[in-house]
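Here's a solo chain for you in structure tokens, the form predicted alone.
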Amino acid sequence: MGKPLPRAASGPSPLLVNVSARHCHLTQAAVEALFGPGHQLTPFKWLYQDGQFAAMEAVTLIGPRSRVISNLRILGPCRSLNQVELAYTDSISLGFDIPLRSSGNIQGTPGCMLMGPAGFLEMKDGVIRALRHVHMSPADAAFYGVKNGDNMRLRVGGGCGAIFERLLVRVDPSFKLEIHIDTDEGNAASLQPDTPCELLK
């Protein structure tokens, strides 16, 4: 994972690049179907964005031809829809053909079966590869001269340096400046805690 990197003194925030491993987001109803009535997600590790956490709870994903991924981490808090985010390598091993989508855009996506200690959940859709994206506050957006929905570029240095195009900009007053790429992208660029990174318009 990338460490916070200093940039121009006039900039409002340091830059953090994080690799987002495969995970799922679930509704409260889905959590109860998988873990039992009234079950609440238990924070295991708080994430960089305020109020977001990796939960103690995990599920087993059952894909085509009964191929599985065990210990798929749930991220909390609960959301208004069910969504599984995988890297392409995961989808190939499972036999999925998953589309590249922004979070929440699940119409027409494949589904899967999730298994928990108390039951199963059949998802008719919601399995995606998440678009690489950057979270930023309005102050950060003004500094970079971008708006919500724009695209930027991420330049990663080091021995396996790369430039990632089409980095989706997501702006909200609650956001801290943070880039999310998936495990395939992080491994391709050999991203390490001391790898220099630059966010470009």
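Since the structure is predicted, the reported quantities are computational estimates derived from the model, not experimental observations. In this text, residue numbers run from 1 along the sequence as written.
There is also a form predicted together with a further copy of the same chain; it is not shown, and the following applies to it.
Trainee: State the residue from 163, 68, 29, 142 whose non-hydrogen atoms include one within 4.5 Å of a further copy of the same chain in the predicted complex.
Mentor: Only one option qualifies, and that one is 163.
Trainee: Considering only heavy atoms, tell me if residue 64 and a further copy of the same chain come within 4.5 Å of each other in the predicted complex.
Mentor: Outside the cut-off, so no.
Trainee: So in the predicted complex, does residue 159 come within 4.5 Å of a further copy of the same chain, heavy atom to heavy atom?
Mentor: Contact check for residue 159: yes, within 4.5 Å of a further copy of the same chain in the predicted complex.
Trainee: Can you tell me whether residue 89 touches a further copy of the same chain? I mean in the predicted complex, with a 4.5 angstroms heavy atom cut-off.
Mentor: Yes.
Trainee: How about residue 133 - does it come within 4.5 Å of a further copy of the same chain in the predicted complex, if we only consider non-hydrogen atoms?
Mentor: Flag for residue 133 set to no.
Trainee: Please pick out the stretch from 40 to 48, 134 to 142, 53 to 61, 164 to 172 that is in contact with a further copy of the same chain in the predicted complex, where contact means heavy atoms within 4.5 Å.
Mentor: Partner-contacting stretch among the options: 164 to 172.
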